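A lone chain, given as structure tokens: the form predicted alone.
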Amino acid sequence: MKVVALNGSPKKNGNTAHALKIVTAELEKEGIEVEILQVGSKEIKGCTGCGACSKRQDEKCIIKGDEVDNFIQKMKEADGILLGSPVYYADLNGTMKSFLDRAFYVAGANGGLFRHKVGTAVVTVRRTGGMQAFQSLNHYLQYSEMFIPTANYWNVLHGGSPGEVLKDEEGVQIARVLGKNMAFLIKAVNASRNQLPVREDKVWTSFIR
């Protein structure tokens, strides 16, 4: 079993990385392999809505020159996906959103590559905007029919300078509980793999008549 953790921060050892490591430490205790992918420091263009990934059906984005396609395959092969983002302007940061728009668009357009994986998110913030960013991240997971583990509060850790989130005792506990629940859910899903619901074809409704 494996989890891919995506660090949306440009800082490899910033607060988002610390938050992810609290969660992943609990996963590793349960024998789950973890790979952290550094997204935030990459140059990633945003989705153009061209629809090429739907037409080509090759599990790839038509935009080249970055690691999006490689990361999509790593996410596809994993049992769980952990999203982490800092808050810079009352929401998830721009590079992370550009990556997620493309990765989840490709995944959905190619038969639901992330469907029935276990997925969750953590957010780090100095003061405000944490809940907005957390909800934004959850949109990707919910639309993809992923199973979302919870903690004992919303997954937002507070801190300014790198490492300061470790002083947020409640936030640290939230991340730790999240890791435990994520590990349990991954094992439960794997044990029930042959009983998962069959995917339905998407119904599209236009409100413009």
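Predicted, not measured: the structure shown is a model, and the values here were computed from it. All residue numbers refer to positions in the sequence shown, first residue = 1.
Although not depicted, the form predicted together with a small molecule is the subject of the following passage.
Segments offered: 95 to 103, 124 to 132, 73 to 81, 111 to 119. Contacting the small molecule in the predicted bound form at heavy atom distances within 4.5 Å is 124 to 132.
With respect to the small molecule in the predicted bound form, the three residues 16, 86 and 90 uniformly fall within 4.5 angstroms at the level of their nearest heavy atom.
Using a 4.5 Å cutoff between non-hydrogen atoms, residue 149 does not count as a contact of the small molecule in the predicted bound form. Interface membership of residue 51, defined by any non-hydrogen atom within 4.5 Å of the small molecule in the predicted bound form, is ruled out. Although the partner is absent from this view, residue 199 stays clear of the small molecule in the predicted bound form, with no non-hydrogen atom inside 4.5 angstroms. When the small molecule is considered in the predicted bound form, residue 187 lies well away from it, no heavy atom lying within 4.5 Å.
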